[in-house]
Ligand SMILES: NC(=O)c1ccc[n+]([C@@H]2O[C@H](COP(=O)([O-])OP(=O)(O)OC[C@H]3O[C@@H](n4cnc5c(N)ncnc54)[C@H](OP(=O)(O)O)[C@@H]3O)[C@@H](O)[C@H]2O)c1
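So this first bit is one chain, no partners, the form predicted alone, shown in structure tokens.
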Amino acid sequence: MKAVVMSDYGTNDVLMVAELAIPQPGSTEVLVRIYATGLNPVDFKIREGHLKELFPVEFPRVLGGDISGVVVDAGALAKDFKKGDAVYFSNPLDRDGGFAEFVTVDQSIVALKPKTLNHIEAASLPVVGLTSVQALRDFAGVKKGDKVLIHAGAGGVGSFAIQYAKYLGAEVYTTASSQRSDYLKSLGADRVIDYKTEDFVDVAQKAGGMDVVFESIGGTNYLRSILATKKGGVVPAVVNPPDAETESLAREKNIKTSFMLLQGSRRDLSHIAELIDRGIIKTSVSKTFALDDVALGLAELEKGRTQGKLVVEILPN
């Protein structure tokens, strides 16, 4: 099969097109013919070596965790899906991923693809959807009437999280440039904070503080998110753990916070598929790339100005 492999840690220069053997499914795994794979910041963070202590890499490695495709084979104990089933999932970061024509995955974290989406649209969902559901519903316990701030609302995670927080009944604030305001309001944002001209901490404090801030920027933004949160609030963080100053302030304000990594979950993916098929959540794919052009896609993603998701199309949809 054709695949894009990472030969070492480094820039996009370490990515190359290669021919690999088609993997064989283990006893509880399915073999999936990949139609599309979403691009995510974690891909270039692994490539750069920033996560090697959490996820050490054996080279060559195939990146790409957001996958949509069709089941073509299964292990002896994998009975939950049949050949021809259209599925989607997020493959674990310590395994080969979706920048390839085939991949194996344990059936327990696979779900049927939303019926109303093609594979490109479906491949934009697993990482952003699982991250948002597990952070907002499970960790933060967002409920009707909560004030929730979603950072970087126009990005992949942000655009899903706005819609999901609104579904949970929240009053949704988000940070973005003013040019994205109409788009974000169409997703359900009640207040768009222009990060170029406004301070989100000031806006949050004037509103009485946020019940929840979904921290997806990292660095000093984590500490400032704690400042924007009312006492007793919640700050799920998905980029980096809190430093000592951030932890100290969180304790002082009795704020629940933690660095979170998504967990593969058929239940959550099935929940997301239902919301998609009911029209409650909409996907946003801004651009697609060929498999040979994964490096170009990652380079565009690294600029940090993407609206919605970038997706690699591996088979025509």
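In this text, residue numbers run from 1 along the sequence as written. As the structure is a prediction and not an experimental result, all values here were calculated from the model.
What comes next is about the form predicted in complex with the ligand, which is not displayed.
Sort through I109, L227, L117, A152 and report the residue having a heavy atom within 4.5 Å of the ligand in the model of the complex.
Only one option qualifies, and that one is A152.
Identify, from the list V127, A189, A204, V148, the residue with a heavy atom within 4.5 Å of the ligand in the model of the complex.
Only one option qualifies, and that one is V127.
Interface membership of R180, the ligand in the model of the complex, 4.5 Å heavy atom rule
Answer yes; at least one heavy atom of R180 falls within 4.5 Å of the ligand in the model of the complex.
Is there a non-hydrogen atom of G158 within 4.5 angstroms of a non-hydrogen atom of the ligand in the model of the complex?
Yes, G158 sits close enough to the ligand in the model of the complex that at least one of its heavy atoms falls within 4.5 Å.
Contact of I280 with the ligand in the model of the complex (heavy atom, 4.5 Å):
Close contact is absent here: in the model of the complex, I280 is far from the ligand, nothing within 4.5 Å, heavy atoms only.
Contact flag, V42 vs the ligand in the model of the complex, heavy atom cut 4.5 Å:
Yes.
Please name which of the stretches 231-239, 163-171, 205-213, 97-105 has residues with heavy atoms lying within 4.5 Å of the ligand in the model of the complex.
Within 4.5 Å of the partner lies stretch 231-239.
Kindly indicate whether A176, M260 and G308 are, all three, within 4.5 angstroms of the ligand in the model of the complex, using heavy atoms.
Yes, the whole trio is in contact, each within 4.5 Å by some heavy atom.
In the model of the complex: members of 265-301 within 4.5 Å of the ligand, any heavy atom:
Only a single residue, L301, comes within 4.5 Å of the partner.
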